[in-house]
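What follows is a pair of forms of the same protein chain, given separately as structure tokens and numbered structure 1 and structure 2.
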Structure 1
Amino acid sequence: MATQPTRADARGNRARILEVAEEVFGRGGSAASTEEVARLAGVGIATVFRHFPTKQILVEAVLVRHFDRLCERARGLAESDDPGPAFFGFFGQIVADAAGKLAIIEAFTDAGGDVGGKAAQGPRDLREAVGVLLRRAQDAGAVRTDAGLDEVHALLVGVSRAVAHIRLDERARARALEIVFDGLTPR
């Protein structure tokens, strides 16, 4: 039996559910509920579960979508005429979004999700995309050539986790990034 194409309203519901779920789980982590997602998406809970049979599947889809969007953004920035600001701006964006991303990961693992499954590809793809931005920024003379992807990735993860867990205000976060960026800038 051939699969029926998804109706436009069903596709719209799915997209709205994912958009709202990213916000809800990014804010509430594992304490967030599928009921809240349904309410804010303007659909019934049955509609949520028709698209995503379990909370784990829903949060995994949110996580995959989140990483896909970050990778898409990085790939777009890789074509920038000004690779230095593209690299540093993307680094700052990842740090700014860290609390939400970590809350989604928490919700995913608490729902029984396997970080080694389908959701594991996103971080690998993102690391690769950051590597492209880094190389382009280094080629442009905006980032030290002796800073490898391993070190830069460690800085990115470390600053992101610190900012998320300490909950730095905007001013302190900007200053922390300024210090990191100063260390990455060639002398």
Structure 2
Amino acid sequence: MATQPTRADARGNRARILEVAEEVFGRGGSAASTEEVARLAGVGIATVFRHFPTKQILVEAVLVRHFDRLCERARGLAESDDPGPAFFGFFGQIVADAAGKLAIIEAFTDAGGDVGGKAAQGPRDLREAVGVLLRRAQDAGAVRTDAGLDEVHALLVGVSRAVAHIRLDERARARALEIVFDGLTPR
């Protein structure tokens, strides 16, 4: 029952569609047309709808996949011996990712408002995972203790969004991060 054990390349198509969808929706937002996804994926429109019976489901699937990857990474870092760098590193990585890909993906995500169902779980899981990293970093004295998860999460999303939408060169992005990181560091 996993995904589609049926045909060999059916899974291939599914994967390709997801990948293309991430790119298309990343660029044009959820307003981008399913038809464009189909075209770029090199399949008929009906094939997209066979794998993802609804546009919303497709969008959700993209989000779920994305957040699953992020969470996985976060959970890996949760056991690090060096909680400070683990936290800041993860923060930085997410922001770096956002630069190219996230775009609208997060436009939905954060609030989780529009997309219900499974997709809403993604942000929630991520939040939780970030919470663990944050707590450990605070316990280790690497992050100021008066910083709550709410605002850290907001900053994470905000900086990612900013970076995703504004063309920011490497150095500027690094300095933006540095500012936030400094703000998060105990004096």
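Throughout, residue numbering runs from 1 along the sequence of structure 1. Definition used throughout: the rigid core is the maximal C-alpha set that superposes within 1.5 Å between two forms. Quantities reported herein were computed from a predicted structural model and do not represent experimental measurements.
- Legend: structure 1 corresponds to the form predicted alone, while structure 2 does not.
- The residue from A32, R39, F67, R135 that marks the hinge of the rigid-body rotation between the two structures is F67, the others lying more than 12 positions from any hinge.
- Hinge angle between the two structures, smaller rigid part versus larger, from C-alpha superposition: 23 degrees.
- Summarising the core-aligned comparison between the two structures, the C-alpha atom of E60 is found to shift 3.3 Å.
- Core-aligned Cα shift between the two structures at A46: this is 8.2 Å.
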